[in-house]
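Presented below, as structure tokens, is a lone chain in the form predicted alone.
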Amino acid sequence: MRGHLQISNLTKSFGGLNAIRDVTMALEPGVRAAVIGPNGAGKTTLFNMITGHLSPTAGSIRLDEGELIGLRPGAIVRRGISRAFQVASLFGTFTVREAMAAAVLSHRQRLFDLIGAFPAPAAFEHARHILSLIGLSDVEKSRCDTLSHGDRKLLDIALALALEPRILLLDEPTAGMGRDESRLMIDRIYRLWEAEGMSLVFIEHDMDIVFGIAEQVFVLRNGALLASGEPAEVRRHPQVIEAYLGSAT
């Protein structure tokens, strides 16, 4: 499973504002990487360009040997990049298992199997595997709209896994959670990474989580790449301390 992501001189302008400015970054296959920075630094804009939901003004995004710019989001998913959105709500009246089976069938371009009562045993089997991996087996018969906040976020990740990614993007996976719930979420994400061997790229504001799980950290400020490297290196970077982490870090 390859999955080398190379971003070169990436820029995104909205009118006269450069939301992303000449960003270059490389991610090796199987890496755990964090993208951090103050609010408005351009983190989500970066994710939106990687996944094809925004078109860059300039630059290149390559997965292995293939250019991604110009491809539609669905084509980028098929190349191997998946993102966890808050999509569980789209399946409100479905059970968790049904929502997962629907995602599996859709990804495998078997939409005709969605007619009726989900008649594809293989889809349910794969759905159960993912739910077990992410820790949702005990709620697989529950309706999606009855899940707790934490379980909904886990289901969002599970639905992204149904797309069989080589690179999984997570945008603030612990947002809105208490400390204990956040720790449980990160533990499950880490076990997921160990089991699947994919690259994991996440946006996160909790620095304990960032420096506890990431192997590589990219710091954005005002749309530009301020620093990058291993966590210990980034944590000691004077400009990062001044701009984001604070003098106590």
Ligand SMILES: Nc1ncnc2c1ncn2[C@@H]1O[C@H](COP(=O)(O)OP(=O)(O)OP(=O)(O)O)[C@@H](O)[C@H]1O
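These numbers were taken from a predicted model, which means no experiment stands behind them. Position 1 is the first residue in the sequence shown; the rest follow in order.
Beyond what is shown, the protein has a form predicted in complex with the ligand; the following relates to that form.
Partner contacts here mean any heavy atom within 4.5 Å of the ligand in the model of the complex, and among 32-40, 60-68, 179-187, 193-201 they occur only in 32-40. Heavy atoms of every residue among L17, E172 and H205 are located within 4.5 Å of the ligand in the model of the complex. Taking non-hydrogen atoms only, T45 approaches the ligand to within 4.5 angstroms in the model of the complex.
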